[in-house]
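Consider the single chain below, provided in structure tokens and representing the form predicted on its own.
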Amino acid sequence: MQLARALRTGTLNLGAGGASLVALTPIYLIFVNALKTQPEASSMGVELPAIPQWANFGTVIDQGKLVSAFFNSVLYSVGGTVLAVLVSAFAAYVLARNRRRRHQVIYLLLIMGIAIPTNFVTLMKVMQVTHLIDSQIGMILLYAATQIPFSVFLIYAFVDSLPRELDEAAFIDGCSPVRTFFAVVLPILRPVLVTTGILSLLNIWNEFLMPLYFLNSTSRWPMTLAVYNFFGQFASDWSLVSADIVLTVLPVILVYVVAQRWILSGVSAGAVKG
């Protein structure tokens, strides 16, 4: 019995180690090649640099317009996250408190957005008609729309677990539905709202296709598109490309490391309550 348990534990640990190795290998390659010279990084090898080229990061910041790209990413991520979380919280509250058939249909249509891929042809036509192409407000609206399905799905289960007596007591005290939501329900939703906000922030920061299709001006590019500043028609400097990628993913890593406690607690609370 103990031998079988030891074998099972060893197999699981070996599988986890292999999965970790597969996940960490691209990260290692990017970090290592970001410190190499252009000739050394041309092959994107796994060997360490002869002399670490820390100046690559300064070159990327100066030549790649990363300062403006960073603030664009912050604007899109924070704006899209705040809008998505607020709209999703409103929608989840209304749909969870009204169990009529039409509300259930609306809920199912919303969460279908988690699995259905984006139709960029139709979306491009909508953006053209609304004159939102190559605009920051258009990108914020797009990012928020992409995060609403999963956010509603996550918040809905949490709201559904809250006793309706809370709403009824607020109504008896003279609160309107809107005031009940903000004064009574919203403070209780804080754990799941924080989790939803962090996950949305990370997803928006890492998004690549949306700005590629809908932003023409380089001055409005987020950090994920700034890497194109180091691709040429006939040659590319992979050391600077790698340095740019490192600076792009570094904020995401820091946010996740700092906020993982809230992510896990919010997901666990939603799972238990749901």
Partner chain sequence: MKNAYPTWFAGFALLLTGVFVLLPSVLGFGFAFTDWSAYSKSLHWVGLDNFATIFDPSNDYIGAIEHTALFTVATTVLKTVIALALAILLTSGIRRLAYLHRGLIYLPAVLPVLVVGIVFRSILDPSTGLLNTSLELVGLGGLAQHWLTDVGLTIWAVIGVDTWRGVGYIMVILIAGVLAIPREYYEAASIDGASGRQAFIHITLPLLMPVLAVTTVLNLLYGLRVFDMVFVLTNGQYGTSTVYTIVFDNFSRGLYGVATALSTLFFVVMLVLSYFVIRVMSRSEAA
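Predicted model only: the values in this text are computed from it and were never measured. Positions refer to the first chain, counted from 1. Definition used throughout: the rigid core is the maximal C-alpha set that superposes within 1.5 Å between two forms.
Keep in mind the form predicted in complex with the partner chain is missing from the figure; the text below concerns it.
Engineer: Tell me, which of 186, 162, 75, 94 has a heavy atom within 4.5 angstroms of the partner chain in the predicted complex?
Structural biologist: The option sitting close enough to the partner is 94.
Engineer: Should residue 32 be counted as a contact of the partner chain in the predicted complex, where contact means heavy atoms within 4.5 Å?
Structural biologist: No, no contact at 4.5 Å.
Engineer: Test of understanding: in the predicted complex, would residue 221 fall inside 4.5 Å of the partner chain by heavy atoms?
Structural biologist: Output for residue 221 is no: heavy atoms all beyond 4.5 Å of the partner chain.
Engineer: When the contact criterion is heavy atoms within 4.5 Å, does residue 209 count as touching the partner chain in the predicted complex?
Structural biologist: Because a heavy atom of residue 209 falls inside 4.5 Å of the partner chain in the predicted complex, the answer is yes.
Engineer: Is residue 22 a contact residue for the partner chain in the predicted complex, using a 4.5 Å heavy atom cut-off?
Structural biologist: Residue 22: yes, in contact with the partner chain in the predicted complex.
Engineer: Does anything in 32 to 65 come within 4.5 Å of the partner chain in the predicted complex by heavy atoms, and if so which residues, in order?
Structural biologist: Counting only heavy atoms within 4.5 Å of the partner chain in the predicted complex, the contacting residues of 32 to 65 are 42, 43, 44, 46.
Engineer: Using a superposition on the rigid core, decide whether the Cα position of residue 27 changes by 2 angstroms or more between the shown form and the other one.
Structural biologist: It does shift by 2 Å or more.
Engineer: Aligning on the rigid core, do we see the C-alpha of residue 217 shift 2 angstroms or more between the shown form and the other one?
Structural biologist: Stays below the 2 Å threshold, so no.
Engineer: Taking the rigid core as the reference frame, tell me whether residue 254 has a CA displacement of 2 angstroms or more between the shown form and the other one.
Structural biologist: Comparing the forms between the shown form and the other one, which are aligned on their rigid core, residue 254 does not shift its C-alpha by 2 Å or more.
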